[in-house]
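As C-alpha cells, one chain now follows by itself in the form predicted on its own.
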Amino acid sequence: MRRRPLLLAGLGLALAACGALGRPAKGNGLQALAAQRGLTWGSALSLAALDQPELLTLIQHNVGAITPENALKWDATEPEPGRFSFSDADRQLAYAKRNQMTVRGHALVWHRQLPGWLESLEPTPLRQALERHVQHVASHTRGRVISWDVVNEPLDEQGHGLRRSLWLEKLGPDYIADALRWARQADPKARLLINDYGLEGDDPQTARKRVSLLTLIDQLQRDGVPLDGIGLQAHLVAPREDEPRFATLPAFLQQLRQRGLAVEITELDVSDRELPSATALRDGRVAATYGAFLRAVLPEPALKQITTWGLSDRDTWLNGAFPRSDGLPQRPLPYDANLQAKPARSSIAATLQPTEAPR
C-alpha cells in the first residue's frame, strides 16, 4: 500500500534534515523487520542506559530511532529562567548520531516535569517564557530531531475538551497554536506533533477523547496552524479476561490520515498490573495485546514510526507509576530485566512480518 503524496512530502522534509529513516536495516532486529514495512522502530532511551553496554548492544540490534526519555523536558533543559542546559540531551543525541539513529524530541510543552519558577508567573511573562523555551530548545536540536512532541497531553483525561492545565488556565487554548507556530519557526523541517494517551481503545471515554482531538485538529487547520502529525502514546493495559481488541482504532487512524496527518506510536508498552502473578500468564497476555494492537495499526498508510517506552523491563516507568498490588515488577516490554527476549518480542516480530510489498 503506497503512502499518499502529501505524507511523503512531509516526510521528505524531515529526512532532508536527519538523513535516512532510522539506522540501516540489518539482521533480524525489530528495526530490520519494521523497515520491511517502510517504518522505523524506536525506543525511549534513559540516561542510565548509556552506562549499560549490554543494554546498548540490544538497543543497537533492535532500534532505528531513540526518544530521550527525560533529558529534553522543561525541568531538565531550563531549570532556571533563561538558563538552558543540554548536557544530558546532547549525550543522547550524540549516541544516536554515532549509531545512525534518528531522534524524536519529547516534549516541548507539557503540564508535568516543569521547574517550580514557572508556577508563579502571570500570563504575560508566562507566555514569554513559553515562547523562549520552545524556540530555544527546538533551535538547539534543529537538524538532529526528525519529529517533536510539541504539545504533550493537552486533552482532558475523560474526553471533555482540553485539560485544565497551567497553560490552559493562564494562557487559554491559544497556547497550543502558539507553541506549534514557534516550533515551526525554530525548526522548519521537523515533523510537529500533538501527543496524547487514551486514544487506542473501544470504550466511551476513548471515543469522547477522539472527538476532542479531532475538534482541536480541525480548528488548528482552519487557522492555518502548522501540525504534521499525531502521536498515540499507546500505554496499553493487558486485559484480565477478554481478548485484547482495538476494533475502532483503524477507523480513527483513517480520520487522521484524511486530515493529511502522519501518525506515530510514541510510547508503546503493555502494563500487566491487572493480571494474576503467574509469569507465564502475564507474558502471554502482554504478548497477545501487542499483537492485537499492531494488527490494528500496521495497515494504516499514515503510520511512520513505532516507539516502545524502553526496550527492557529493567527500564520501565510503570513500576513507579502504576505498581502491581502484589509488589512484583511489571513485565511490559519486549525484553525482560535480564535482557532476554520474551513472548512479547516474538509477538511483535511475527506481526511485523510483511504481508505485502513495502508501502
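As the structure is a computational prediction, the values presented were derived from the model and not from experiment. Residue indices: 1-based, along the sequence shown.
Keep in mind that the form predicted in complex with a small molecule is missing from the display, and what follows is about it.
Taking H106, N152 and E267 together, does each of them reach the small molecule in the model of the complex with some heavy atom inside 4.5 Å? Heavy-atom distance to the small molecule in the model of the complex: all three under 4.5 Å.
In the model of the complex, the residue from K73, R210, R184, R285 that sits within 4.5 Å of the small molecule by heavy atoms: That would be K73.
Could you tell me which one of Q254, S87, Q113, Q205 places a heavy atom within 4.5 Å of the small molecule in the model of the complex? Here the answer is residue option Q113.
Quick one: find which of 230 to 238, 212 to 220, 162 to 170, 129 to 137 has residues within 4.5 Å of the small molecule in the model of the complex by heavy atom distance. Of the options, only 230 to 238 has residues within 4.5 Å of the partner.
Wondering, does F293 line up within 4.5 Å of the small molecule in the model of the complex on heavy atoms? No, F293 is distant from the partner.
Heavy atom of E69 within 4.5 Å of the small molecule in the model of the complex: Looking in the model of the complex, residue contacts with the small molecule include E69, since a heavy atom lies within 4.5 Å.
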